[in-house]
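The chain below stands alone, shown as structure tokens; this is the form predicted on its own.
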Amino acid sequence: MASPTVISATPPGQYDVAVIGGGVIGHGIAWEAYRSGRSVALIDDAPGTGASWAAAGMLAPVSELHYQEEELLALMLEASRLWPGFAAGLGEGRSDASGTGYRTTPTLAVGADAADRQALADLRGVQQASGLAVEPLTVREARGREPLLSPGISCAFDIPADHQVDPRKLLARIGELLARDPRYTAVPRRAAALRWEGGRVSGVGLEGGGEIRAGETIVANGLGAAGLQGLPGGLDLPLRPVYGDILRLRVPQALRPLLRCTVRGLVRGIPVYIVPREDGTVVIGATQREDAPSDPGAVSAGGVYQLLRDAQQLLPAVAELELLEATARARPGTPDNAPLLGRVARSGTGPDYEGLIIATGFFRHGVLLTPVAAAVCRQLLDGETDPRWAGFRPDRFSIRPPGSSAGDTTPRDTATTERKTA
């Protein structure tokens, strides 16, 4: 990624870029915008506490290739290619990539029974057809790498391109670096609305009053994006919450290292993963449910049971670990499970709205896609577009109202989005 270059002086109270959303995507975009020499305001009343807080941080373009989601593969592979440089840029030359927990150890995919072995073999066929490297291992070879794996596993595959990072450390590191420069401001408020002037987005209205003025506004607040007031008329952001439970456990000293690499398994057709951390803990996840719990942060007892049961079948020593944390969060899904990323057209053939970029709907790929989301937003800020990512435009699900034209600049709830003096 490019080195910082000074773009222009910024008038008091105005920023070059306002980023709505303080998760890993928002932080990554803010970091890249800052590195381009722009002044940045990051708006979030509880940064880093949403889906990013629960994420395991697997950088897994190969393992995360799902049937009928092949269009995502190019984006995931580009993100994987960018990750070493992205991590190094946060490390300021330190060999551990700044303590973000970025690790390039491979991933092992394992199956519990014969049906799981067949499912993983079938998936390998799809992965190989897409040019991805997945190599079979004997159970003996797999246990040679990871001695605590169960001798009863049915199969194992080596996936050298799938790595990991610690999202909590990543968020802390980006925040630490940004806070050193006066061109960056963290705004601990909730965004309420987009502000408009002269047919373009001019900033963000804050809940409770006040505003942030900006030349460009990037909406990256996950599920909250669809509820933002002042979105362009006719724009549909079909985001749905996909809840998941995830566990963190401490490994007793006598069992360390429990694992050296990430283990992704199938147990009776149900996926489970075990991710080792450098601090002697492991992350086990994740369930997936699309119900609507009364408390969005409530952990499912059945989900916790399922995760521990299945992880223990692959790695019996899980029963001896200390349970530290059970967390549930909602990830922002879309109808095609691909992100909403880019600018918004005024009509099907018209120019894009100025001053507005959408970056949400990353579902289970948010951590992996952070560098490429940041790079795409940087290109758009610079007036460039990459045709490879046109299929992820945020207006691809929108049906424009009758009479919509390239001159239509009417946002939703216009009366609430005109600029006001705080």
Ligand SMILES: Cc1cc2nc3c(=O)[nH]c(=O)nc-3n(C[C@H](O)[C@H](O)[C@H](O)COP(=O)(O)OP(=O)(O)OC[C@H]3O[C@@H](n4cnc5c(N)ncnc54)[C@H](O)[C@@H]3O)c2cc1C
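This one's a predicted model, so the numbers in the text were calculated from it and none came from an experiment. Heads up: residue numbers just count along the shown sequence, starting at 1.
Below, we turn to the form predicted in complex with this ligand, even though it does not appear here.
Contact check for residue 189: a non-hydrogen atom falls within 4.5 Å of this ligand in the predicted bound form. This ligand is not drawn, but in the predicted bound form it has no heavy atom within 4.5 Å of residue 173. Not displayed here, this ligand is kept clear of residue 239 by more than 4.5 Å at the level of heavy atoms in the predicted bound form. Within 4.5 Å of any heavy atom of this ligand in the predicted bound form lies no heavy atom of residue 102.
With the partner omitted here, the stretch from 30-38, 350-358, 363-371, 383-391 that lies within 4.5 Å of this ligand by heavy atoms in the predicted bound form is 363-371. Among the residues 246, 156, 259, 251, the one placing a heavy atom within 4.5 Å of this ligand in the predicted bound form is 246. Contact check for 20, 286 and 329: all three have a heavy atom within 4.5 Å of this ligand in the predicted bound form. Taking this ligand as positioned in the predicted bound form, the residues of 46-68 that bring a heavy atom within 4.5 Å of it are, in sequence order, 46, 47, 48, 49, 50, 51, 52, 54, 55, 56, 57, 58.
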